[in-house]
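Let's start with one chain on its own, the form predicted on its own, as structure tokens.
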Amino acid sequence: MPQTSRELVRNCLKFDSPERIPRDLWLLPWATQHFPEEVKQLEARFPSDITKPVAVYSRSALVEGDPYKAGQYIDEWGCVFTNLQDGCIGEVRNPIINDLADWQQVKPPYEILPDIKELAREKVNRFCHETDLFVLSSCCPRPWERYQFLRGVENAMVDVLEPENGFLDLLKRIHEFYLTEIEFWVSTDVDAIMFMDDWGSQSNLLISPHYWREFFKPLYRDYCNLTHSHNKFAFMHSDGQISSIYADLVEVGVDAINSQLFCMNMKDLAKQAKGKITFWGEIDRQHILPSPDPQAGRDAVREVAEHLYNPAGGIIAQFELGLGANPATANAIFEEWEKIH
């Protein structure tokens, strides 16, 4: 019998020779708004092997608006996002903690977590048992990004350099909430826990690797240790140029990393991580996915395969169909991945 999607992804992560390269398509609402028929055809022809379960969170009284609509959106932490167009997520312009001395005012949204855990767990487990897809948790801890949402980007950068002024206290408060959130998800039958933080600019890490290793690496180690202690896989996303911490992500136990490969030297990434971690995409969103020439997508796949493909596993064919993306190029990308053996 052919391997199920769950088996394909698990074998890929364990370097146990999946029958084909697993697929994972990320869709921003912008894509379905602008190319509804093309998106349907793409999903029908190349269905994803990865999914997320039904919602089990409660709605916070703080939440207002729609994160994917133009205008203002307030999330469960009270952070205010301003969005200029439909179909994507906006940015926080005005932090809610202007003075770090007020860090204790931050109240993590424990109220959104399942209040009756047994019923929520049963609902998630039923979903997992009724699908052959590989199931990622619906949580997504993001300690650095959450810190920036609360304090603002510029303030956050300064706080890292002056940790004695409350930086570590606020970071700990955020981290403790995320650990509590993960504790629920590892008690379910999902296959993997996902977390994220966008750490790279176009050319460098946002902070020095020294400070990253001192303050943030231990947080991701905690997430991975908790995840692995319940026999789940650890998936992480991080945008930008993050090659300076790739080996660290391998070390702490990340099983699959979604990163912008085309911001980095793939030959260098192969030396650091090939055969040790699964490259969970992705294809360049700035130049390749918007290209009117589908050949650009095919060439990109060949470049990734040349440096990072391993017949035993370690590659998930993933990309995001978002702002400006060309559906014809997206089709070509998946077509080309099917030719890689």
Partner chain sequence: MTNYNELQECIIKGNRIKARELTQECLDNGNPAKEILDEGLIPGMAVVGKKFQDGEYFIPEMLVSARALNIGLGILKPLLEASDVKPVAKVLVGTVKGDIHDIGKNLVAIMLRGSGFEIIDAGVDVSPEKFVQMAKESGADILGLSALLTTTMTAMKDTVDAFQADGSRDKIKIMIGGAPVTTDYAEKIGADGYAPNAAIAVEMAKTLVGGSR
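All of these numbers come straight from a predicted model, not from anything done at the bench. Numbering follows the first chain given and starts at 1.
Unshown form predicted in complex with the partner chain; subsequent notes refer to it.
Peer 1: Given the stretches 310-318, 272-280, 287-295, 43-51, which is the single one in contact with the partner chain in the predicted complex, using a heavy atom cutoff of 4.5 Å?
Peer 2: Stretch with heavy atoms near the partner: 287-295.
Peer 1: So the partner chain isn't shown here. In the predicted complex, which residue out of P163, P209, P109, G253 has a non-hydrogen atom within 4.5 Å of it?
Peer 2: Among P163, P209, P109, G253, a heavy atom within 4.5 Å of the partner chain in the predicted complex occurs only for P209.
Peer 1: Counting non-hydrogen atoms within 4.5 angstroms of the partner chain in the predicted complex, say which of E122, E214, E91, D115 makes the cut.
Peer 2: Filtering the options by heavy-atom distance leaves E91.
Peer 1: Using the partner position in the predicted complex, report whether L205 sits within 4.5 Å of the partner chain, counting heavy atoms only.
Peer 2: Contact with the partner chain, yes.
Peer 1: With the partner left out here, check for me: in the predicted complex, does some heavy atom of N155 sit within 4.5 Å of the partner chain?
Peer 2: Result yes; N155 sits at the interface with the partner chain in the predicted complex.
Peer 1: Would Q85 sit within 4.5 Å of the partner chain in the predicted complex, counting heavy atoms only?
Peer 2: Contact with the partner chain, yes.
Peer 1: Tell me, yes or no, whether L323 is in contact with the partner chain in the predicted complex, where a contact means a heavy atom of each within 4.5 Å.
Peer 2: Because a heavy atom of L323 falls inside 4.5 Å of the partner chain in the predicted complex, the answer is yes.
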